[in-house]
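The form predicted on its own is given below as one chain in C-alpha cells.
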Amino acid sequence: MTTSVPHEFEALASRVALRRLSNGLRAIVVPRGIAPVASFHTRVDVGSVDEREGITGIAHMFEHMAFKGSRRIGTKNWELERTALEAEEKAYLAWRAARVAGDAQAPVLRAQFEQAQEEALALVDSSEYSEAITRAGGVGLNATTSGDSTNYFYSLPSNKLELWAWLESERFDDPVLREFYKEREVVREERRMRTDSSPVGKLVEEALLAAFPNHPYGRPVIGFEADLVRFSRTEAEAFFRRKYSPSNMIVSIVGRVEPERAFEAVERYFGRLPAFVPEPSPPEGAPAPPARRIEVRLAAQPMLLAMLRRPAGSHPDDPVFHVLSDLLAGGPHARLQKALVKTGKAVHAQAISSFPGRKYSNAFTFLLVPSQGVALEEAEQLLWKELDTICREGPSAAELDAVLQRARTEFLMGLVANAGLARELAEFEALGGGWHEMFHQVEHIRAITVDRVRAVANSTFVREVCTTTLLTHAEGGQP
C-alpha cells in the first residue's frame, strides 16, 4: 500500500487518522469544516454474496432489522417481549414445517402463528431508534445493501458524537430482530415493485443468473421470492452471528470532531462487540462463461442488456473502465449517445463500468432501449460497431482529455460533502488497498493513455464471452 499522497491532498490526508480496536473493528476519523456537524458511516463487509442457498435476501433483511433496536431500544417491556418473540418463532417454525410437509394442520398452525405475532407486535415501540436520532438533529438516516457490503449512515450535530456511538454499536452488540415477519412482507413488496412488476428488474435478474452461473453475484440482492416466504428469524440471527464480526466493520467519522475524543467514544462503545473469526467470504468463482443469449418475453418495451466480464475493483485498470463508460455513454457527446440516441435508433443507451459489485470480477454492462420500430438486433449491431471502433482505434487525444477532466472533477466533487468523504474512505479502506489510495485516484486518472484505453477495451469487449439478454415484446404477456 502506498502511504505518501500527492501534494494537492497533503493537507486533507494529514488529518485522516485510522485506529484498529482489539476486536478488529477499524475506525477512521477526519476533523473537517467549521459547521458543528459530523457525518457517520458504518461499512460492514457483508452483502448478498455471503448468503447461502435458500436464504437469498437475508443480508438485505438484516439491514432492515438493524433499525429495530435492541433490548434497551424499541421495546415497551423487554421481558414480556422476549417471551412473546420466542413464542412467535416457535409458532412460525411449526407452521413452516407443516406447510412444507403438506400437513392438514397447516391452516391451524398459521392461525396460531398470526396470533403469536400480534402479541409480540403489541410490545414493540417500532420508531424509537429512528426517533432518537431525529430528536437529536439527525439527518440522512438510511442504509443500503449490495452484493459486496451493507452500509449504515447519517449525520448529527458534533456534540451528539457519544449518542451516535451508543446507538450505532447497539445495532451490532445486541440486535433484536423484532417485527421480523412483518418487515419480511415489506421486503417482498419491494421485490414485487422492483423486480416482479418491473421489466428492467426482470431483465437484470435473468441476465445476472446467466452471466454469473457459478458465483453469488448471479443471485438478486433482494432475494428470490421462494426464499423470502420461507426464511426465519432464527436463520437471520444465525447469519448475523456468522458474518457480523467487528473485523468486518469500518466506521468513518468526518466533520467537526476532535479525533481523540472520537476514538475514545468508538473504543468505549464498539470495543464491547465480541471478537470472532467470521465465516469466510466466497471464493472468486469460475471464469466468465462462453457467450450466451437469453430471451425474456414480456408485455413491455424491448430492451437489451449486454454483460462483459471484467476484473475486480481493486485491479489497477479500474479507473480505465470508468473512463470507457464515460467515453461510450457518459453524456451528449459520448459515442453511443451520438450513434444511437441522437440518430433516433434508441431512446436510452447506458454503460455501467462495474456491475453488480466490485469485490470480485464483475461485468462491464450496457443497457439499450431501442426506439419504436428499431429491432433489437439493429441496436445490438450498432453497439458492437462502436465497441469494435474503440478497440481498433481507441479514443482521440482530445476526446480522452475531456473525459479525464470530467472524471477528475467528478471524483473531487464527490469528496466535498462530509458524507461523501466518509463513504469513500470506508470503501477504499475495505477494497481499495487502504484509505490512502483514495488520494491517488487523480494520479491514476491522469496516467491513463489512449493506448491503455485501447488495450483494456480489447481485453474486455469480446463477443465470445458476452452474455446478451433480450427483452422482447409479447402481446398479452406478463407486464
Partner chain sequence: MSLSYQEIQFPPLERFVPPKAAVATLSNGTKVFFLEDHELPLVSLDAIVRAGTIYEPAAKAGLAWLTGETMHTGGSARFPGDEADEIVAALGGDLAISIGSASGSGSVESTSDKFPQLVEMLSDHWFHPLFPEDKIELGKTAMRSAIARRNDQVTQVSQRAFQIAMYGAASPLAREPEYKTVDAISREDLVAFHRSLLGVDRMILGVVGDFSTKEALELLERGFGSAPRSVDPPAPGSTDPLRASARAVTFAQKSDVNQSSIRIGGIGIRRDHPDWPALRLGSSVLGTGGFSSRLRKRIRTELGLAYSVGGGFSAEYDRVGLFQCVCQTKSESTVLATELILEEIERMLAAPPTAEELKLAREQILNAEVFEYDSSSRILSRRLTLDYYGYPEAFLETFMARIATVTPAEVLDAFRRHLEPSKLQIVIVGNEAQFDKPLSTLGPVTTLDLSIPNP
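Keep in mind it's a predicted model, so treat the numbers as computed, not measured. Residue numbers count along the first chain shown, from 1.
Below, we turn to the form predicted together with its partner chain, even though it does not appear here.
The candidate spot formed by Ala35, Glu189 and Arg406 is fully in contact with its partner chain in the predicted complex: every one of the three has a heavy atom within 4.5 Å.
With the partner removed from view, the residue among Ala116, Val369, Ala339, Ala312 that has a non-hydrogen atom within 4.5 Å of its partner chain in the predicted complex turns out to be Val369.
Distance criterion of 4.5 Å from any heavy atom to its partner chain in the predicted complex singles out His64 from the list His444, His64, Arg454, Arg423.
Interface membership of Ser197, defined by any non-hydrogen atom within 4.5 Å of its partner chain in the predicted complex, is confirmed. For the chain shown alone, Glu235 is not a contact residue for its partner chain in the predicted complex, no non-hydrogen atom being within 4.5 angstroms. In the predicted complex, its partner chain sits within 4.5 Å of a heavy atom of Glu183.
Using a 4.5 angstroms limit between non-hydrogen atoms, Ser155 touches its partner chain in the predicted complex.
Of the stretches 385-393, 163-171, 312-320, 237-245, only 163-171 has residues with a heavy atom within 4.5 Å of its partner chain in the predicted complex.
Heavy atoms closer than or equal to 4.5 Å to its partner chain in the predicted complex belong, across 133-161, to the residues Thr134, Arg135, Ala136, Gly137, Val139, Ser155, Leu156, Pro157, Ser158, Asn159, Lys160, ordered by sequence position.
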